[in-house]
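Given as structure tokens, the chain that follows is alone and in the form predicted on its own.
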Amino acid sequence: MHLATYLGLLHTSLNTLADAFREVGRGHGEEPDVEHTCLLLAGRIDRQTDALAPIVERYGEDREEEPERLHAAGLEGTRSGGVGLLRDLQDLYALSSFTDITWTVVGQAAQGLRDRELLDLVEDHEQETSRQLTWLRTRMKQAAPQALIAAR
């Protein structure tokens, strides 16, 4: 059974995503909504990680490096200015999408195992990840016109 591989992947991606949200929030403090929302989302992701712990204890986990590699390639630091904010939000979107599809794959395993506890956890946190993606998409739409057209 390879569920442990995906639990490790999910655990690592959640930790990486929370750290990335914190980094972007701190790096764009001049945008109060970005700072506040990023730190709020990081805290929610930390709670997802905590909620995953009993499942990891039951099935085990094999840690993979992909989410950390994605984080290292995309968020070694934040960028400055409007285009920098846009690109940092886009990096968060990519990492959130990775986490989202990993929840989906784990959910499919939960269905196959008929593990109601895991399935409930996945359903709750897939919705939360979907809300993260929606906020990121909306915030990028808000930032794009000024960053790409008005600012020089």
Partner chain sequence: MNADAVPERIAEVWGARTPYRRGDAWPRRADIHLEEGVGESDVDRWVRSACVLCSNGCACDIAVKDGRMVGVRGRETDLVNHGRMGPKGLYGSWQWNGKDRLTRPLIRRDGELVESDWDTAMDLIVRRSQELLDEAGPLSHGFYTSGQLFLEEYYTLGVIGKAGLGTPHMDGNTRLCTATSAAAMKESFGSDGQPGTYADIDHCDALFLFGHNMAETQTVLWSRVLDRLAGPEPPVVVAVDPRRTKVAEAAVESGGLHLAPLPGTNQALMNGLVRELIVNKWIDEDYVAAHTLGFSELEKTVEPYTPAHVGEICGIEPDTLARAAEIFGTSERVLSTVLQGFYQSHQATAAACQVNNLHLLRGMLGKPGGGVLQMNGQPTAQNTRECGADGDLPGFRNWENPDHVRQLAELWNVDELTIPHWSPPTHAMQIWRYAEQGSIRFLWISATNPAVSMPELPRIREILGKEDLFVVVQDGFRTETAEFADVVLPAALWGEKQGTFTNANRTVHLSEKAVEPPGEARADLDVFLDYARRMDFRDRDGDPLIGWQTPEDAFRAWQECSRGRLCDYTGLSYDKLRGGSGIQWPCDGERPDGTERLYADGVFTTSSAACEDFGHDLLTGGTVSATEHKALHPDGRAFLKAAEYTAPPEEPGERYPFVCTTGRTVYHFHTRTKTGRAPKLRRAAPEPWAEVAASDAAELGVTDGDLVLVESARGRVEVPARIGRVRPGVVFLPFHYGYWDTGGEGHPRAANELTMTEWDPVSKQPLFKIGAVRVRKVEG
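Bear in mind that the values here come from a model prediction, so they are computed numbers and not experimental data. Residue numbers count along the first chain shown, from 1.
The discussion below concerns the form predicted together with its partner chain, not included here.
Student: I'd like to know if residue 143 sits close to its partner chain in the predicted bound form, meaning any non-hydrogen atom pair within 4.5 angstroms.
Tutor: Answer yes; at least one heavy atom of residue 143 falls within 4.5 Å of its partner chain in the predicted bound form.
Student: Residue 36 versus its partner chain, in the predicted bound form: is there a non-hydrogen atom within 4.5 Å?
Tutor: Contact with its partner chain, yes.
Student: Should residue 47 be classed as touching its partner chain in the predicted bound form when contacts are defined as heavy atoms within 4.5 Å?
Tutor: Yes, residue 47 sits close enough to its partner chain in the predicted bound form that at least one of its heavy atoms falls within 4.5 Å.
Student: Check whether residue 31 has any heavy atom within 4.5 Å of a heavy atom of its partner chain in the predicted bound form, and answer yes or no.
Tutor: Residue 31: contacts its partner chain in the predicted bound form.
Student: Among 37 to 45, 54 to 62, 87 to 95, 104 to 112, which stretch has residues with heavy atoms no more than 4.5 Å from its partner chain in the predicted bound form?
Tutor: Flagged stretch: 37 to 45.
Student: Are there residues in 115 to 146 with a heavy atom within 4.5 Å of its partner chain in the predicted bound form, and which are they, in order?
Tutor: In sequence order, 124, 131, 134, 135, 138, 139, 141, 142, 143, 145, 146 come within 4.5 Å of the partner.
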